[in-house]
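There is one chain below, alone, in structure tokens, taken in the form predicted on its own.
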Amino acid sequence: MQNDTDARLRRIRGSARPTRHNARTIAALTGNPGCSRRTIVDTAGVDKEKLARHIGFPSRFGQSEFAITRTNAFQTLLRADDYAELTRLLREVFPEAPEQIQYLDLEATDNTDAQDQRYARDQALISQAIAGNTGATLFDHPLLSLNVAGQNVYLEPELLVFQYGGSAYVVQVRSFAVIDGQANGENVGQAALQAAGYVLALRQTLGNPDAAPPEVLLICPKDFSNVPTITRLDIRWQLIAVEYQLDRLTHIDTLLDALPPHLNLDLGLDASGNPTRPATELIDALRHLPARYFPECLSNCDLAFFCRHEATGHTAALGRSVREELGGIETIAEVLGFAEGTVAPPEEWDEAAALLRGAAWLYAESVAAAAYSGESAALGPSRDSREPERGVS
């Protein structure tokens, strides 16, 4: 069965090499778990960015050069003078830690380092440190492994994994500021989701789900300075969300069974890596993959602009909360028809239609009242409302 699933996924992907997941793409899977299109495309390893660009809907998100430069400078500050600043921060969280913390830089020395060899080495080093309870050891750029849709994907935390007291803690370094003890909730949420992928990979790498606690150490600039501050971040909810979506990817047969047997998204790459397949064919193929578009997709999915175009006239394009308030009614035309009483609703939408008619009546009354007040103000106060003339009681 697994071989049959793999064959179907290869047919969907076509002749191109499968794209590899990273912490950002794994975190993004949790943002819209009900989207079958993204689930199938990601599991098959289709290059979404190249596909979106070829069909005329290129993605428009990514980290700015300024943010990348700021992040690199912030990480350099933490590593300077043999990790002196990082040592200070870690001892704030673990005051009983020894004065000296051992640091191991596991970054690849050159491009020829095979990932499987790096992974075996890093797995052995981290496992030995955990088993031997060697005190405080910090691993810089370790290579971890995570099973995604039946494939072992290598993840490399952008900075560190810290081992202390028999447990391993992922350390996330971000360049967004913590101002007066508060940080942007969306930024923290994204950092927590990415960290959840690293924690799951660390547990798999160590072969022990208890070796990595459900919390990470988040380091950010404090206020408007470049001075770092550290926070312990509980990620139990994010771990549940990521595990659920990864489990869903391993049960993809149900989604594949609903597709036409010969559907594929092969770009027909030439020798230079440029797509040659007509864009219209790829668009027709994509439309066989059920999508669940929401405006939030624009910030984390390369296909979002195509899906937004496809969702024109649908309530999903107005946002998740609007669609839920409308009781799942699919199109804007239906909403307006129910509100105006020109379209008879099906039985399951009777209550929603009645609420829409009431809302439409209230809106019309409010507009009429506002118009009447405006006309009255333009004519000035009535004779009866004016102040009495002087000398007249």
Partner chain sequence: MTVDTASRHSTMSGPARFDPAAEAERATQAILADFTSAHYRGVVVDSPPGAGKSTLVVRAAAEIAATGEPLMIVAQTNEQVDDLVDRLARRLAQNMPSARIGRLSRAGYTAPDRIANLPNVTVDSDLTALGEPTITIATAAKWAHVKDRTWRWAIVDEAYQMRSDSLLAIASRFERALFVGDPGQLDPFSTVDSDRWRGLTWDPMQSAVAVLLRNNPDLPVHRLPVSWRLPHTAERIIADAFYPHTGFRSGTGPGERGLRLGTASGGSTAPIDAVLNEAAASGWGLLELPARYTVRTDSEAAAAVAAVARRLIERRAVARSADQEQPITPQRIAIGAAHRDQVAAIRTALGNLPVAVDTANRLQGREYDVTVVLHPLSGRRDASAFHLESGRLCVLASRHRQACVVVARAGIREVLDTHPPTGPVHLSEPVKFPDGWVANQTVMAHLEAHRVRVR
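This one's a predicted model, so the numbers in the text were calculated from it and none came from an experiment. Residue numbers count along the first chain shown, from 1. Note that the rigid core is defined as the largest set of C-alphas that superpose within 1.5 Å between two forms.
Heads up, the form predicted in complex with its partner chain isn't pictured, but that's what we're talking about next.
Though the partner is left out of this view, residue 343 does not reach within 4.5 Å of its partner chain in the model of the complex, counting heavy atoms only. In the model of the complex, its partner chain stays beyond 4.5 Å of every heavy atom belonging to residue 114. Mapping the unseen interface onto this chain, residue 56 falls outside it, with no heavy atom inside 4.5 Å of its partner chain in the model of the complex. Using a 4.5 angstroms threshold between heavy atoms, residue 306 stays clear of its partner chain in the model of the complex. Contact annotation: its partner chain lies within 4.5 Å of heavy atoms from the stretch 181 to 189 in the model of the complex, the single such stretch among 272 to 280, 119 to 127, 181 to 189, 90 to 98.
Listed residues 146, 286, 218, 138 were compared with its partner chain in the model of the complex; 218 is the one with a heavy atom within 4.5 Å. Comment: its partner chain is not present in this chain, but in the model of the complex one of 264, 205, 172, 238 has a heavy atom within 4.5 Å of it, namely 238. In sequence order, 347, 348, 349, 351, 352, 355 are the residues of 331 to 356 having a heavy atom within 4.5 Å of its partner chain in the model of the complex; the partner itself is omitted from this view.
In this overlay on the rigid core, residue 34 has a C-alpha that sits less than 2 Å away from its partner position between this form and the one not shown. Relative to the superposed rigid core, the position of the CA of residue 357 differs between this form and the one not shown by 2 Å or more.
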